[in-house]
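Here you get one chain, nothing else, as structure tokens; it is the form predicted on its own.
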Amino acid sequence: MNIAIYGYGNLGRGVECAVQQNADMSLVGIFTRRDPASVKTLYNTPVYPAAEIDTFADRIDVLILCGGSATDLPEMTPALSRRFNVVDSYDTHATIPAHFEKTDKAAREGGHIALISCGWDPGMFSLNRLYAGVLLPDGKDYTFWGRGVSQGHSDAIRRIDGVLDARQYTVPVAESLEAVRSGSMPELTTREKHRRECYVVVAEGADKAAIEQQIKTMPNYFADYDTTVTFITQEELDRDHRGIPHGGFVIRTGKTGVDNCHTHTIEYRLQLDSNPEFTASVLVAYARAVDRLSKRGVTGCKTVFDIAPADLSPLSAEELRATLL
């Protein structure tokens, strides 16, 4: 299948790498809103202006969107899903339903498929919450993220006037994590589960107090958490915060048996050296499923809940039964 990338930051580079690991895929090109001549790719992939993408409509099976959730994907995904099958990693959990409705309408009008909110959370963590919940219906879910860099939250900070660069770390509260693992099923607020650490580089003369206040009160990102903001130089950020690690845990504790006499814990953990490269690998696997569904005549918006596991694999149904079942 023919894959194309729309946007070429950390996630776009991750997709470029992931496509190389899948023998049933080829990369048509990268589409950017920057000057294509200024973009250096990892595998000498052709780079084209975003404005020319419609001329490639008959050459692209799935377009993987690598923009940010704060401002790019809410407009980009519906617009492009009218003309292409698309996959995005929209990760603002609170507004996923609205993003789905807008994209579903556009994709159906264009006769295409759009798979949204694909990655590890939302994405793989979402599936594990679903599986654990149906297996242990009398129980509680807990999700912990980090310690790691959140691409979406870092991007949201960088879009504040006066901010030149930023890294945001999501950090689980250790005491809360251990209380969950004990099986006691504690009631935890958002603030009790995580804290957020922000390292921010600002322009000379910028109002640091105003920027800090804007970060700490940002809805859907920081307002509900204990958040620290540390202003550092670009040199310090480049030296001390170069990587993009992440990870986390999905845990469900549940009861079974007469009088709920037995306690069970399901835990799914990810420990990632590179958040964008792992997210990209998930996007690429789901692009395969989107292509297969499209060939069956399916249209509209989908999420990971709608995709059969077999459609993610390059193996045939017979090979899956023989090797993995």
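The first residue of the sequence shown is number 1, and the count goes up from there. Fair warning: this is a prediction, and the values are worked out from it, not measured in the lab.
One more form of this protein should be noted, the form predicted together with another copy of the chain, which is absent from this view; the next part is about it.
The contact residue chosen from H241, K255, R83, K102 relative to another copy of the chain in the predicted complex is K255, the criterion being a non-hydrogen atom within 4.5 angstroms.
Of the candidates P122, P74, G146, G152, P122 is the one whose heavy atoms come within 4.5 Å of another copy of the chain in the predicted complex; the others do not. Heavy atoms within 4.5 Å of another copy of the chain in the predicted complex are found in exactly one of 46 to 54, 263 to 271, 60 to 68, 29 to 37, that being 263 to 271. R195 falls outside the set of residues with a heavy atom inside 4.5 Å of another copy of the chain in the predicted complex. Proximity of N10 to another copy of the chain in the predicted complex falls outside the 4.5 Å heavy atom cutoff. Although the partner is absent here, A206 is not a contact residue: none of its heavy atoms lies within 4.5 angstroms of another copy of the chain in the predicted complex.
Remark: H93 counts among the residues lining another copy of the chain in the predicted complex, judged by a heavy atom distance of 4.5 Å or less. Heavy atoms closer than or equal to 4.5 Å to another copy of the chain in the predicted complex belong, across 125 to 143, to the residues S126, L127, N128, R129, L130, Y131, V134, L135, L136, P137, D138, ordered by sequence position.
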